[in-house]
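Form predicted alone, single chain, as structure tokens, below.
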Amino acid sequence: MRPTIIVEDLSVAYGDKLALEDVSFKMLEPGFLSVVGPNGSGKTTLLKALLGIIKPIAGYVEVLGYKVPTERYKLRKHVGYVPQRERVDPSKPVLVKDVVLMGRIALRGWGHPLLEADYRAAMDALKAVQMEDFWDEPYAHLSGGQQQRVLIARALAVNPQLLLLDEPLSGVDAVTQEVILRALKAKADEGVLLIMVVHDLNPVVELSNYVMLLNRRVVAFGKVWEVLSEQLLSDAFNRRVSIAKTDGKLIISGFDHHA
């Protein structure tokens, strides 16, 4: 089977400062990968390197059979991407449907008319995050959590093979968090590969097949039970991180919640 993602000796720099150094990992099959590490550890940079948004100074990246960054435009048609929270000018009359349909426009190509199938895909994506009743509502009028659901719907609307999400649970309430995780689990169950940057592993431990501990370098990568040790977590965060089991669930404490 062709590996879904191959990253070998990836290094990325901003000016003379290394953001990622000799990062290597492979995803041989669809699954749910959670990437966690302290502030400034290169988590967002890793997602951008996988998309080809930034060019590495060294290394090899192949995603869904496409070489990145040279074939990034071909790749993007198969990827849903949710960056860290976007801001929309409240003076612009952008409706919820407009935001979600942006994903379909990017898929079709600019200048191509949207079809009925595009509108159905957009509505189905909104239903997945329980926002279908807001189709004609101004996006700027939504709460932060509702806006985040709409941005996730935009990524889902392209029917991606790969979903990249950068801290989608940050700053949202418990209800929104539950809705988002349910929608993502449904996609993972359909065979979509998910890579999600998180600042706290606790909400996603049970959903994750794989975990990467990142601190500019890969501290650990593998199945959840292989990676979640107090020693490896403490090595990644440069501080003591503890793991306790309560009611059969792992509770991890000691994360920097501003990471």
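In this text, residue numbers run from 1 along the sequence as written. Since we're looking at a predicted model, the values are computed, not measured.
Separately, the form predicted together with a small molecule exists; it is not shown, and the next lines address it.
S.K.: So in the model of the complex, does any heavy atom of residue 222 sit within 4.5 Å of the small molecule?
M.R.: Outside the cut-off, so no.
S.K.: Given that the small molecule is not shown alongside this chain, does residue 10 nevertheless sit within 4.5 Å of it in the model of the complex, heavy atom to heavy atom?
M.R.: Answer no; every heavy atom of residue 10 is more than 4.5 Å from the small molecule in the model of the complex.
S.K.: Going by a heavy atom distance of 4.5 Å, is residue 203 a contact of the small molecule in the model of the complex?
M.R.: Taking the distances in the model of the complex, the answer for residue 203 is no, it never comes within 4.5 Å of the small molecule.
S.K.: Wondering, does residue 39 line up within 4.5 Å of the small molecule in the model of the complex on heavy atoms?
M.R.: It does: once the small molecule is placed as it appears in the model of the complex, residue 39 has a heavy atom within 4.5 Å of it.
S.K.: Assess the spot marked by 74, 76 and 110: is the small molecule within 4.5 Å of a heavy atom from every one of these residues in the model of the complex?
M.R.: Per the other structure, none of 74, 76 and 110 touch the small molecule.
S.K.: Just one of 188-196, 64-72, 229-237, 31-39 has residues with a heavy atom within 4.5 Å of the small molecule in the model of the complex, so point it out.
M.R.: Careful reading of the contacts points to 31-39.
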